[in-house]
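The form predicted on its own is given below as one chain in C-alpha coordinates.
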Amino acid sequence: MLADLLERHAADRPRQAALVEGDSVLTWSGLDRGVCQLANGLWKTGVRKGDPVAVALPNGFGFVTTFLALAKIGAVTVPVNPEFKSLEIRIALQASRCEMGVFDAGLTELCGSLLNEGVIRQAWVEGKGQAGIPSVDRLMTGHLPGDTLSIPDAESPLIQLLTSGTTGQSKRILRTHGQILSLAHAYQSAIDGTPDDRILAVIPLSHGHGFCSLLLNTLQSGATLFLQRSFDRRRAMETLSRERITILSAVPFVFSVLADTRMASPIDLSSLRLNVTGGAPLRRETWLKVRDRLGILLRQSYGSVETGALTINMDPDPEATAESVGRPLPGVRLDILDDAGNSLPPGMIGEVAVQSPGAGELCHADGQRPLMTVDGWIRVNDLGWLDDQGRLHIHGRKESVINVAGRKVQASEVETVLRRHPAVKQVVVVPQRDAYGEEAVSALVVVGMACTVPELVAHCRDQIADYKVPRFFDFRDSLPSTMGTASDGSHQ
(Lines give C-alpha, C1' and ligand atoms only; values in the text may rest on other atoms or scores of the structure.)
Protein backbone atom coordinates (compact mmCIF):
# COMPACT_ATOMS: atom_id res chain seq x y z
CA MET A 1 0.00 0.00 0.00
CA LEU A 2 1.38 3.46 0.83
CA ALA A 3 4.61 1.96 2.16
CA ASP A 4 5.03 0.24 -1.23
CA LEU A 5 5.82 3.64 -2.76
CA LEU A 6 8.65 4.10 -0.29
CA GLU A 7 10.04 0.63 -0.94
CA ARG A 8 9.93 1.24 -4.70
CA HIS A 9 11.88 4.50 -4.45
CA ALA A 10 14.39 2.94 -2.04
CA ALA A 11 15.07 0.26 -4.66
CA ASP A 12 15.07 2.55 -7.72
CA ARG A 13 16.97 5.57 -6.33
CA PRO A 14 18.51 4.54 -2.99
CA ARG A 15 21.11 7.35 -2.86
CA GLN A 16 18.84 10.17 -3.97
CA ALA A 17 17.82 12.60 -1.24
CA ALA A 18 14.23 12.02 -0.15
CA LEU A 19 14.10 14.59 2.66
CA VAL A 20 16.29 17.58 3.48
CA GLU A 21 15.98 19.43 6.78
CA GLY A 22 18.56 22.17 7.27
CA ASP A 23 21.97 20.55 6.75
CA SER A 24 20.61 17.02 7.30
CA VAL A 25 19.80 14.76 4.35
CA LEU A 26 17.85 11.50 4.39
CA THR A 27 18.09 9.35 1.27
CA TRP A 28 15.26 7.15 0.04
CA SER A 29 17.10 4.05 1.31
CA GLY A 30 17.77 5.77 4.64
CA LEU A 31 14.13 6.79 4.95
CA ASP A 32 12.97 3.26 4.18
CA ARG A 33 15.34 1.83 6.77
CA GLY A 34 14.22 4.32 9.43
CA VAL A 35 10.55 3.64 8.70
CA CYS A 36 11.08 -0.11 9.04
CA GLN A 37 12.92 0.35 12.35
CA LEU A 38 10.26 2.63 13.78
CA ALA A 39 7.44 0.38 12.57
CA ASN A 40 9.05 -2.54 14.35
CA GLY A 41 9.54 -0.51 17.52
CA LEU A 42 5.95 0.70 17.54
CA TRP A 43 4.71 -2.84 16.93
CA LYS A 44 6.68 -4.13 19.90
CA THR A 45 5.05 -1.53 22.16
CA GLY A 46 1.59 -2.74 21.16
CA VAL A 47 0.56 -0.54 18.23
CA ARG A 48 -1.63 -2.64 15.93
CA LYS A 49 -3.52 -2.41 12.67
CA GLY A 50 -6.43 0.01 12.94
CA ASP A 51 -5.18 1.74 16.11
CA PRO A 52 -5.51 5.55 15.97
CA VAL A 53 -2.23 7.24 16.94
CA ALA A 54 -1.94 11.00 17.41
CA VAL A 55 1.00 12.66 15.66
CA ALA A 56 1.63 16.16 17.02
CA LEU A 57 4.83 17.04 15.19
CA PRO A 58 5.96 19.96 13.02
CA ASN A 59 7.45 19.50 9.56
CA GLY A 60 10.56 17.37 9.79
CA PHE A 61 12.03 13.90 9.39
CA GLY A 62 10.02 12.84 12.43
CA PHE A 63 6.60 13.60 10.98
CA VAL A 64 7.28 11.81 7.69
CA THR A 65 8.94 8.79 9.29
CA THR A 66 6.21 8.40 11.90
CA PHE A 67 3.42 8.68 9.34
CA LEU A 68 5.00 6.07 7.08
CA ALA A 69 5.83 3.72 9.98
CA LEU A 70 2.22 3.79 11.15
CA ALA A 71 1.09 3.21 7.56
CA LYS A 72 3.38 0.18 7.33
CA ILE A 73 1.82 -1.33 10.45
CA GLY A 74 -1.69 -0.47 9.31
CA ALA A 75 -2.28 1.93 12.18
CA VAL A 76 -4.15 5.21 11.64
CA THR A 77 -2.32 8.54 11.81
CA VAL A 78 -4.30 11.33 13.49
CA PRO A 79 -2.45 14.60 12.76
CA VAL A 80 -2.74 17.05 15.67
CA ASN A 81 -1.48 20.59 15.28
CA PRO A 82 1.53 20.99 17.65
CA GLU A 83 0.57 24.68 17.95
CA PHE A 84 -2.61 23.66 19.79
CA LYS A 85 -2.95 24.44 23.48
CA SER A 86 -3.66 21.86 26.16
CA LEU A 87 -7.46 21.98 25.91
CA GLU A 88 -7.42 21.73 22.12
CA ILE A 89 -5.08 18.73 22.19
CA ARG A 90 -7.17 16.98 24.85
CA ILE A 91 -10.34 17.40 22.82
CA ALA A 92 -8.60 16.21 19.64
CA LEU A 93 -7.37 13.06 21.42
CA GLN A 94 -10.78 12.32 22.91
CA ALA A 95 -12.63 12.99 19.66
CA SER A 96 -10.34 10.66 17.70
CA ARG A 97 -10.25 8.03 20.48
CA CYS A 98 -6.46 8.08 20.51
CA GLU A 99 -4.81 6.24 23.38
CA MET A 100 -1.29 6.66 21.98
CA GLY A 101 0.63 9.55 20.49
CA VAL A 102 3.95 10.85 19.18
CA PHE A 103 4.53 14.42 20.33
CA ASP A 104 6.87 17.35 19.81
CA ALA A 105 9.42 17.71 22.60
CA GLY A 106 7.79 20.99 23.62
CA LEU A 107 4.69 19.03 24.64
CA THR A 108 6.54 16.72 27.07
CA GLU A 109 4.98 18.24 30.19
CA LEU A 110 1.51 17.93 28.69
CA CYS A 111 2.22 14.29 27.81
CA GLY A 112 2.94 13.59 31.46
CA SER A 113 -0.39 15.09 32.48
CA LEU A 114 -2.28 13.18 29.80
CA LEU A 115 -0.71 9.90 30.93
CA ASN A 116 -1.37 10.56 34.63
CA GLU A 117 -5.00 11.41 33.92
CA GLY A 118 -5.52 8.34 31.75
CA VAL A 119 -6.35 10.35 28.62
CA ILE A 120 -3.68 8.32 26.80
CA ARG A 121 -1.82 5.20 27.82
CA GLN A 122 1.38 5.57 25.76
CA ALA A 123 3.36 8.56 24.51
CA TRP A 124 6.69 9.21 22.86
CA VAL A 125 8.46 12.51 22.19
CA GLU A 126 10.89 13.63 19.53
CA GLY A 127 14.52 14.02 20.55
CA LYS A 128 15.72 12.91 23.95
CA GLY A 129 13.14 11.54 26.35
CA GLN A 130 12.29 13.82 29.25
CA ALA A 131 10.37 13.61 32.51
CA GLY A 132 9.89 9.88 32.15
CA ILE A 133 8.44 10.14 28.62
CA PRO A 134 10.43 7.86 26.26
CA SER A 135 11.89 9.25 23.06
CA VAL A 136 11.03 8.07 19.56
CA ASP A 137 14.72 7.23 19.11
CA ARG A 138 14.36 4.41 21.66
CA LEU A 139 11.83 2.75 19.34
CA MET A 140 14.35 2.57 16.48
CA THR A 141 15.35 -1.00 17.21
CA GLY A 142 17.51 -1.70 14.19
CA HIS A 143 15.52 -4.77 13.22
CA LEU A 144 13.17 -4.97 10.27
CA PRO A 145 9.51 -5.83 10.98
CA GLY A 146 8.88 -9.56 11.09
CA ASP A 147 6.18 -11.68 9.53
CA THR A 148 3.89 -10.88 12.45
CA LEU A 149 3.02 -7.52 10.92
CA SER A 150 -0.52 -7.39 9.51
CA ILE A 151 -0.05 -5.85 6.07
CA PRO A 152 -2.71 -3.21 5.29
CA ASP A 153 -4.79 -3.44 2.13
CA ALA A 154 -6.64 -0.83 0.05
CA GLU A 155 -9.59 -0.78 2.46
CA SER A 156 -7.44 -0.35 5.56
CA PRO A 157 -7.82 3.06 7.22
CA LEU A 158 -4.72 5.23 6.92
CA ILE A 159 -5.42 8.71 8.26
CA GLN A 160 -8.08 10.39 10.35
CA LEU A 161 -8.41 14.13 9.85
CA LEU A 162 -10.09 16.37 12.40
CA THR A 163 -11.77 19.73 12.34
CA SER A 164 -11.05 20.47 15.97
CA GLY A 165 -12.24 23.04 18.45
CA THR A 166 -12.69 23.75 22.12
CA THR A 167 -16.42 23.04 21.84
CA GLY A 168 -15.56 19.36 21.39
CA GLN A 169 -17.64 19.11 18.20
CA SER A 170 -14.89 17.80 15.95
CA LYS A 171 -15.75 16.31 12.58
CA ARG A 172 -13.68 13.20 11.93
CA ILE A 173 -12.86 12.15 8.37
CA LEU A 174 -11.37 8.69 7.87
CA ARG A 175 -9.53 7.88 4.64
CA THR A 176 -8.09 4.56 3.50
CA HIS A 177 -4.84 3.52 1.83
CA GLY A 178 -6.71 3.09 -1.44
CA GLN A 179 -8.28 6.55 -1.27
CA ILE A 180 -4.99 8.24 -0.42
CA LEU A 181 -3.11 6.38 -3.16
CA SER A 182 -5.80 7.42 -5.66
CA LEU A 183 -5.38 11.04 -4.57
CA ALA A 184 -1.58 10.88 -4.76
CA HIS A 185 -1.65 9.42 -8.27
CA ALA A 186 -4.23 11.93 -9.52
CA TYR A 187 -2.31 14.95 -8.21
CA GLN A 188 1.08 13.76 -9.46
CA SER A 189 -0.40 13.00 -12.89
CA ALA A 190 -2.02 16.44 -13.11
CA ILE A 191 1.21 18.33 -12.42
CA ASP A 192 3.50 15.85 -14.21
CA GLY A 193 5.64 15.36 -11.10
CA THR A 194 8.99 13.59 -11.57
CA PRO A 195 11.91 12.38 -9.41
CA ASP A 196 13.82 15.46 -10.60
CA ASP A 197 11.45 17.81 -8.78
CA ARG A 198 12.73 19.65 -5.72
CA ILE A 199 9.82 20.64 -3.49
CA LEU A 200 9.88 23.15 -0.64
CA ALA A 201 7.54 22.66 2.33
CA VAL A 202 6.89 25.85 4.30
CA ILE A 203 3.31 24.99 5.28
CA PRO A 204 2.42 22.09 7.61
CA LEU A 205 2.39 18.61 6.09
CA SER A 206 -0.48 17.86 8.47
CA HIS A 207 -2.61 20.51 6.72
CA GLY A 208 -4.80 19.18 3.90
CA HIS A 209 -3.12 21.29 1.22
CA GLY A 210 0.39 20.47 2.41
CA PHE A 211 -0.38 16.78 2.92
CA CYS A 212 -1.41 16.33 -0.72
CA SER A 213 0.69 18.79 -2.71
CA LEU A 214 3.87 18.27 -0.69
CA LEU A 215 4.02 14.91 1.09
CA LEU A 216 1.85 12.73 -1.17
CA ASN A 217 3.29 14.30 -4.31
CA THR A 218 6.83 13.56 -3.07
CA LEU A 219 5.95 9.96 -2.21
CA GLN A 220 4.23 9.39 -5.54
CA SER A 221 6.86 11.01 -7.78
CA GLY A 222 10.05 10.14 -5.88
CA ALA A 223 11.09 13.80 -5.70
CA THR A 224 13.15 15.51 -2.99
CA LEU A 225 11.27 17.36 -0.23
CA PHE A 226 12.95 20.27 1.59
CA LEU A 227 11.41 20.76 5.03
CA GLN A 228 11.05 23.89 7.15
CA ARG A 229 9.71 23.28 10.66
CA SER A 230 8.13 26.73 10.57
CA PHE A 231 7.83 29.43 7.93
CA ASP A 232 10.77 31.83 7.81
CA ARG A 233 10.52 34.23 4.87
CA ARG A 234 14.23 34.89 4.35
CA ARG A 235 15.26 31.29 4.87
CA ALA A 236 12.58 30.25 2.40
CA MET A 237 13.84 32.71 -0.22
CA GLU A 238 17.42 31.54 0.26
CA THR A 239 16.38 27.89 -0.06
CA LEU A 240 14.35 28.55 -3.21
CA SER A 241 17.39 30.10 -4.86
CA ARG A 242 20.24 27.99 -3.47
CA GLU A 243 18.57 24.59 -3.81
CA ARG A 244 17.02 25.29 -7.22
CA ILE A 245 13.51 24.45 -6.00
CA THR A 246 11.11 23.49 -8.80
CA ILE A 247 7.77 23.36 -6.91
CA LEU A 248 6.51 25.75 -4.25
CA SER A 249 3.05 24.97 -2.89
CA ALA A 250 1.67 27.19 -0.13
CA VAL A 251 -1.24 29.36 0.99
CA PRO A 252 -1.65 32.80 -0.65
CA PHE A 253 -0.46 34.55 2.53
CA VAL A 254 2.98 32.89 2.21
CA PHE A 255 3.40 34.05 -1.37
CA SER A 256 2.30 37.56 -0.38
CA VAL A 257 4.86 37.69 2.43
CA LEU A 258 7.63 36.41 0.12
CA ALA A 259 6.77 39.13 -2.39
CA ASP A 260 7.24 41.74 0.36
CA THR A 261 10.58 40.29 1.49
CA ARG A 262 13.70 42.28 0.70
CA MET A 263 16.92 40.29 0.50
CA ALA A 264 20.49 41.55 0.94
CA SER A 265 21.72 39.58 -2.08
CA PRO A 266 20.07 38.67 -5.41
CA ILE A 267 17.65 35.73 -5.43
CA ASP A 268 17.25 33.51 -8.48
CA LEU A 269 13.80 31.91 -8.79
CA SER A 270 14.16 30.77 -12.39
CA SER A 271 14.13 27.08 -11.40
CA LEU A 272 10.51 27.29 -10.18
CA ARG A 273 8.29 25.54 -12.68
CA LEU A 274 5.12 25.31 -10.57
CA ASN A 275 3.78 27.70 -7.92
CA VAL A 276 0.53 26.45 -6.40
CA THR A 277 -1.78 28.13 -3.93
CA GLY A 278 -4.45 26.37 -1.91
CA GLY A 279 -6.21 26.38 1.41
CA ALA A 280 -7.53 29.93 1.01
CA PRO A 281 -8.86 32.18 -1.78
CA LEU A 282 -6.25 33.86 -3.97
CA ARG A 283 -6.94 37.57 -4.39
CA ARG A 284 -6.16 39.23 -7.71
CA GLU A 285 -4.02 41.83 -5.92
CA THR A 286 -1.84 39.08 -4.46
CA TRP A 287 -1.48 37.36 -7.83
CA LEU A 288 -0.32 40.61 -9.46
CA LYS A 289 2.07 41.50 -6.62
CA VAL A 290 3.75 38.09 -6.76
CA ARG A 291 4.08 38.31 -10.54
CA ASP A 292 5.51 41.81 -10.51
CA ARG A 293 7.91 41.44 -7.59
CA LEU A 294 9.01 37.80 -7.84
CA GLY A 295 8.45 37.15 -11.55
CA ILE A 296 6.47 33.96 -10.92
CA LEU A 297 2.93 33.04 -11.94
CA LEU A 298 0.62 31.49 -9.36
CA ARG A 299 -1.81 28.67 -10.06
CA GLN A 300 -4.74 27.92 -7.80
CA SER A 301 -5.77 24.51 -6.52
CA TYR A 302 -8.87 23.54 -4.58
CA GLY A 303 -9.99 20.80 -2.25
CA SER A 304 -11.42 20.03 1.18
CA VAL A 305 -10.66 18.01 4.30
CA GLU A 306 -13.37 15.55 3.32
CA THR A 307 -12.24 14.97 -0.26
CA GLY A 308 -8.60 15.98 -0.55
CA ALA A 309 -7.45 17.85 -3.67
CA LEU A 310 -10.13 18.23 -6.34
CA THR A 311 -8.87 20.69 -8.95
CA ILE A 312 -5.75 22.52 -10.07
CA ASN A 313 -5.25 25.20 -12.68
CA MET A 314 -2.73 23.82 -15.18
CA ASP A 315 -3.93 26.07 -18.00
CA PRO A 316 -1.23 26.98 -20.57
CA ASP A 317 -1.96 30.66 -19.86
CA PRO A 318 -2.17 30.99 -16.04
CA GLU A 319 -2.49 34.78 -16.26
CA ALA A 320 -5.62 34.65 -18.39
CA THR A 321 -7.23 32.12 -16.01
CA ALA A 322 -5.73 33.32 -12.73
CA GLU A 323 -9.10 33.59 -10.96
CA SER A 324 -10.01 29.95 -11.64
CA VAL A 325 -9.09 27.01 -9.42
CA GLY A 326 -8.84 24.91 -12.57
CA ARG A 327 -10.28 21.67 -13.88
CA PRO A 328 -10.91 18.45 -11.96
CA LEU A 329 -8.05 16.08 -11.21
CA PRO A 330 -8.19 12.70 -12.97
CA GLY A 331 -11.10 10.67 -11.60
CA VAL A 332 -12.86 13.68 -10.04
CA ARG A 333 -16.30 14.88 -11.19
CA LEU A 334 -17.72 18.33 -10.49
CA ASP A 335 -21.19 19.82 -10.74
CA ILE A 336 -22.90 23.04 -9.69
CA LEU A 337 -26.32 22.49 -8.11
CA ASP A 338 -29.24 24.70 -7.21
CA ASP A 339 -31.12 24.39 -3.90
CA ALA A 340 -33.26 21.60 -5.35
CA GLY A 341 -30.21 19.58 -6.41
CA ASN A 342 -30.51 20.33 -10.14
CA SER A 343 -27.44 20.94 -12.30
CA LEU A 344 -26.86 24.55 -13.29
CA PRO A 345 -25.47 25.64 -16.69
CA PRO A 346 -22.04 27.32 -17.08
CA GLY A 347 -21.88 30.81 -15.64
CA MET A 348 -24.53 30.29 -12.94
CA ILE A 349 -23.57 30.24 -9.26
CA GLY A 350 -24.65 27.34 -7.09
CA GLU A 351 -23.40 24.82 -4.57
CA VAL A 352 -20.24 22.91 -5.52
CA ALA A 353 -20.85 19.15 -5.58
CA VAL A 354 -18.14 16.56 -6.20
CA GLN A 355 -17.46 12.89 -6.69
CA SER A 356 -13.90 11.78 -5.95
CA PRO A 357 -12.18 8.41 -5.48
CA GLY A 358 -10.04 10.13 -2.83
CA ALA A 359 -12.97 11.16 -0.63
CA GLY A 360 -13.14 9.70 2.86
CA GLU A 361 -15.94 8.76 5.22
CA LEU A 362 -17.45 10.61 8.16
CA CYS A 363 -16.82 8.90 11.51
CA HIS A 364 -19.61 8.53 14.03
CA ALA A 365 -19.84 6.78 17.37
CA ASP A 366 -21.59 3.87 15.64
CA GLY A 367 -19.12 3.60 12.75
CA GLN A 368 -18.44 5.28 9.41
CA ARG A 369 -20.82 6.56 6.79
CA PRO A 370 -20.27 7.98 3.29
CA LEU A 371 -20.11 11.74 2.85
CA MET A 372 -22.18 11.65 -0.30
CA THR A 373 -25.91 12.30 -0.22
CA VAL A 374 -28.56 10.04 -1.72
CA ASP A 375 -28.00 11.58 -5.16
CA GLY A 376 -24.38 10.40 -5.14
CA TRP A 377 -22.73 13.82 -4.70
CA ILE A 378 -20.68 15.30 -1.85
CA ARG A 379 -21.45 18.90 -0.92
CA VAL A 380 -18.35 20.78 0.22
CA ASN A 381 -20.10 23.89 1.60
CA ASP A 382 -18.77 26.17 -1.15
CA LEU A 383 -20.49 28.24 -3.81
CA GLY A 384 -19.06 28.39 -7.30
CA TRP A 385 -19.62 28.33 -11.03
CA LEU A 386 -18.16 26.62 -14.08
CA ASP A 387 -17.04 28.49 -17.18
CA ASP A 388 -17.62 27.18 -20.69
CA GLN A 389 -14.24 25.38 -20.60
CA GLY A 390 -15.12 23.40 -17.48
CA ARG A 391 -12.92 25.47 -15.15
CA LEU A 392 -14.22 25.97 -11.62
CA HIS A 393 -14.49 29.41 -10.01
CA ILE A 394 -15.16 29.64 -6.26
CA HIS A 395 -17.63 32.31 -5.15
CA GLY A 396 -17.45 31.93 -1.35
CA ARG A 397 -18.76 29.64 1.36
CA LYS A 398 -22.33 28.78 2.25
CA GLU A 399 -21.52 29.03 5.96
CA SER A 400 -19.24 31.48 7.75
CA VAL A 401 -15.70 30.24 8.37
CA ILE A 402 -12.74 32.56 8.92
CA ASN A 403 -9.82 31.51 6.75
CA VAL A 404 -6.56 32.50 8.48
CA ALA A 405 -3.73 31.80 6.04
CA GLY A 406 -5.37 28.55 4.99
CA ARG A 407 -6.31 27.46 8.52
CA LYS A 408 -10.04 27.39 9.14
CA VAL A 409 -11.35 29.07 12.29
CA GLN A 410 -14.90 28.54 13.49
CA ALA A 411 -16.18 31.87 14.81
CA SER A 412 -18.36 30.07 17.36
CA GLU A 413 -15.29 28.42 18.91
CA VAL A 414 -13.54 31.75 19.53
CA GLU A 415 -16.80 33.23 20.84
CA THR A 416 -17.11 30.35 23.32
CA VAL A 417 -13.61 31.01 24.65
CA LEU A 418 -14.15 34.77 24.96
CA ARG A 419 -17.46 34.30 26.79
CA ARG A 420 -15.56 32.41 29.51
CA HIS A 421 -13.84 35.67 30.52
CA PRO A 422 -15.75 37.20 33.45
CA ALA A 423 -15.75 40.69 31.89
CA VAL A 424 -17.35 39.65 28.60
CA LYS A 425 -21.13 40.02 28.40
CA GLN A 426 -21.59 39.63 24.63
CA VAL A 427 -19.25 38.83 21.76
CA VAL A 428 -19.41 38.26 18.03
CA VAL A 429 -16.40 37.06 16.06
CA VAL A 430 -16.15 38.06 12.41
CA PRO A 431 -13.50 38.11 9.66
CA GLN A 432 -11.55 41.31 9.00
CA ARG A 433 -8.93 42.04 6.36
CA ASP A 434 -5.39 42.62 7.61
CA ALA A 435 -2.60 44.70 6.08
CA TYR A 436 -2.01 41.99 3.47
CA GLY A 437 -5.67 41.90 2.49
CA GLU A 438 -6.05 38.43 4.04
CA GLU A 439 -8.73 37.32 6.50
CA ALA A 440 -7.98 37.68 10.20
CA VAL A 441 -10.06 37.07 13.32
CA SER A 442 -11.84 40.12 14.77
CA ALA A 443 -13.97 40.26 17.93
CA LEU A 444 -16.80 42.71 18.66
CA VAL A 445 -17.10 42.76 22.45
CA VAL A 446 -19.48 44.16 25.06
CA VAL A 447 -17.94 44.07 28.57
CA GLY A 448 -19.52 44.41 31.99
CA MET A 449 -16.39 45.56 33.81
CA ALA A 450 -13.03 47.12 33.01
CA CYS A 451 -11.03 44.95 30.65
CA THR A 452 -8.11 45.47 28.25
CA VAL A 453 -7.17 43.93 24.92
CA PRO A 454 -3.98 42.33 26.35
CA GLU A 455 -6.10 40.64 29.03
CA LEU A 456 -8.45 39.16 26.45
CA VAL A 457 -5.55 38.10 24.21
CA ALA A 458 -3.83 36.35 27.14
CA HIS A 459 -7.13 34.67 28.07
CA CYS A 460 -7.51 33.31 24.53
CA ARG A 461 -3.90 32.20 24.20
CA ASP A 462 -4.28 30.02 27.28
CA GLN A 463 -6.99 27.99 25.53
CA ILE A 464 -6.66 28.12 21.73
CA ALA A 465 -3.91 28.14 19.11
CA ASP A 466 -2.39 31.54 18.38
CA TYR A 467 -3.83 31.74 14.86
CA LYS A 468 -7.35 31.57 16.32
CA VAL A 469 -6.76 34.44 18.77
CA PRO A 470 -8.43 37.68 17.56
CA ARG A 471 -6.01 40.16 16.07
CA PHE A 472 -8.58 42.95 16.21
CA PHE A 473 -10.91 43.94 19.06
CA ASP A 474 -13.76 46.40 18.87
CA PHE A 475 -15.29 47.32 22.26
CA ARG A 476 -18.93 48.40 21.96
CA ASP A 477 -21.74 49.51 24.26
CA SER A 478 -24.13 47.07 22.62
CA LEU A 479 -24.48 44.77 19.63
CA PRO A 480 -27.28 44.82 17.05
CA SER A 481 -30.00 42.25 17.71
CA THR A 482 -28.91 40.10 14.75
CA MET A 483 -25.41 39.94 16.18
CA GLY A 484 -26.76 39.20 19.63
CA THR A 485 -28.27 36.02 18.26
CA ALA A 486 -24.91 35.04 16.81
CA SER A 487 -23.18 35.65 20.12
CA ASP A 488 -25.28 32.89 21.62
CA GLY A 489 -23.51 30.35 19.44
CA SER A 490 -25.37 30.47 16.11
CA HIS A 491 -22.94 32.63 14.17
CA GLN A 492 -23.95 32.85 10.51
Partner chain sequence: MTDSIEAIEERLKRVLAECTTLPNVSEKSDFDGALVGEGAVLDSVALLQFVLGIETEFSILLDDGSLTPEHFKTLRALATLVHGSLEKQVQ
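Residue numbers count along the first chain shown, from 1. Quick caveat, the model's predicted, so the values are computed rather than measured.
Heads up, the form predicted together with the partner chain isn't pictured, but that's what we're talking about next.
Novice: Are all three residues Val257, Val457 and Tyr467 in contact with the partner chain in the model of the complex, where contact means a non-hydrogen atom within 4.5 Å?
Specialist: Yes.
Novice: Out of 151-159, 198-206, 403-411, 217-225, where are the residues with a heavy atom within 4.5 Å of the partner chain in the model of the complex?
Specialist: Result for this chain: 403-411.
Novice: With the cut-off set at 4.5 Å between non-hydrogen atoms, does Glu438 touch the partner chain in the model of the complex?
Specialist: Yes, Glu438 is a contact residue.
Novice: Though only this chain appears here, would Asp51 touch the partner chain in the model of the complex if you measure heavy atom gaps against 4.5 Å?
Specialist: Contact with the partner chain, no.
Novice: Counting only non-hydrogen atoms and a 4.5 angstroms cut-off, does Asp232 reach the partner chain in the model of the complex?
Specialist: Heavy-atom contact with the partner chain at 4.5 Å: present for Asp232.
Novice: Give a yes/no on whether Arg471 approaches the partner chain to within 4.5 Å in the model of the complex, heavy atoms considered.
Specialist: Residue-level check for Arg471: yes, a contact with the partner chain.
Novice: Identify which of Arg33, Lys425, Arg461, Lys44 has a heavy atom within 4.5 Å of the partner chain in the model of the complex; exactly one of them does.
Specialist: Comparing distances to the partner chain in the model of the complex, the residue within 4.5 Å is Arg461.
Novice: Of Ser241, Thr261, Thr416, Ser86, which one comes within 4.5 Å of the partner chain in the model of the complex, counting heavy atoms only?
Specialist: For this set of options, the contacting one is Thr261.
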